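Heads up, the chain below is alone and in the form predicted on its own; it's given as structure tokens.
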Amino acid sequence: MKPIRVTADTDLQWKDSLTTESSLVRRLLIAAAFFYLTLFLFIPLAAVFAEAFKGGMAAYVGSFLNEDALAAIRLTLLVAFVAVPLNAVFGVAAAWAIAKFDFVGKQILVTLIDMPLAVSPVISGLIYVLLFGAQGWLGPWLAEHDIKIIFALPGIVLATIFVTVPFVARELIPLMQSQGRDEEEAAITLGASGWQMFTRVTLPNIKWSLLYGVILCNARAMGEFGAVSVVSGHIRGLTNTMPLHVEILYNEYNAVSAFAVASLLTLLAIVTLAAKAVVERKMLSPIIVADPVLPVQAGSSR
């Protein structure tokens, strides 16, 4: 059978043949998508920055010079700095166990990883209050030993870890399952230790998905409101993260400062999205065929 020459143009034609909608339908769909994004994303984002700079640059900068605002920024970054690496380590370990081993309770572990996605963040915060609060199960013992978890940094970190648990693990599990165990087994057969196998075989294969999950985890950690609101106690300068500080400022009718802090969270989100886009391009690198001659049989799939 005569081989079929596959080129970049052939690939584009093949992709175009999968789309049968008319150009009018395509334009309408694109216009509807842009209208939706403009109405629910671009306009609200523009409103945040417009309100933030409503009092001028001096008022905008002054909103961050307030000691409570600086404390909220420091606390938000500290919580993310603690929660994200811990979830990254857990995510890699959980994905490794689920993808590479068969054991009793494997499906239960998968279900537990997904649980924070199904449970309201407020409920997760209440769980920690029930466990570690003054009237909770461990509350009297903690008070006796002068250990503070609720309305303190440990409680905020625990609540943040809970709501961000799935992000790294859920990025890695499908990838590691699709990769299988062949490369790791080959490395062990050739005499590699467990650490050498992980650092030289497994980690290079999952590095972009790992970074992608870390970016998502960090974005959720810095923007978490519900669970942190329950366990923080809203103590100014001590347990208020940036989202909580925005709420307090807005409730006090200090709109300029509230939107200024909100604009900082928005900028952090934009930076996160930019990093996410870069990682996505690394993960989904295009397959370019440099005009090879491939023996493709008629009727076979590509």
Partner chain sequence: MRLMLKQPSVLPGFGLTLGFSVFYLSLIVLIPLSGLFVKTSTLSWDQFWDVITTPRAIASYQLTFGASMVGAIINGLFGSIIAWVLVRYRFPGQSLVDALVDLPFALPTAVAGITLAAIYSPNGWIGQYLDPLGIKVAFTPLGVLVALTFIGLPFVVRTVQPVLQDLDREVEEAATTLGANRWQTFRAVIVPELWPALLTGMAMAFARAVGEYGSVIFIAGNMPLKSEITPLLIMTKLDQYDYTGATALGVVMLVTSFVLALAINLLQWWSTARHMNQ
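Each form is matched to the other, and the largest set of C-alpha atoms that superpose within 1.5 Å is called the rigid core. Residue numbers count along the first chain shown, from 1. All of these numbers come straight from a predicted model, not from anything done at the bench.
If you look for the form predicted in complex with its partner chain, you will not find it shown, but the lines that follow are about it.
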When its partner chain is placed as it is in the predicted complex, are Ala47, Val122 and Thr266 each within 4.5 Å of it, taking any non-hydrogen atom of the residue? yes
Against its partner chain in the predicted complex, would Asn87 count as a contact residue? Criterion: heavy atoms within 4.5 Å. yes
Quick check on Arg26: any heavy atom within 4.5 Å of its partner chain in the predicted complex? yes
Should Arg74 be classed as touching its partner chain in the predicted complex when contacts are defined as heavy atoms within 4.5 Å? no
Using 4.5 Å between non-hydrogen atoms, is Phe81 touching its partner chain in the predicted complex? no
Just to confirm, with a 4.5 Å cut-off on non-hydrogen atoms, which of Leu211, Leu142, Leu153, Leu126 contacts its partner chain in the predicted complex? Leu126
Across 77-101, which residues bring a heavy atom to within 4.5 Å of its partner chain in the predicted complex? Leu86, Asn87, Val89, Phe90, Ala93, Ala94, Trp96, Ala97, Lys100, Phe101
Does superposing the core leave Leu267 with a CA shift of 2 Å or more between the shown form and the other one? yes
Could you tell me whether the Cα atom of Leu238 shifts by at least 2 Å between the shown form and the other one after core superposition? no
Leu37: CA shift of at least 2 Å between the shown form and the other one after core fit? yes
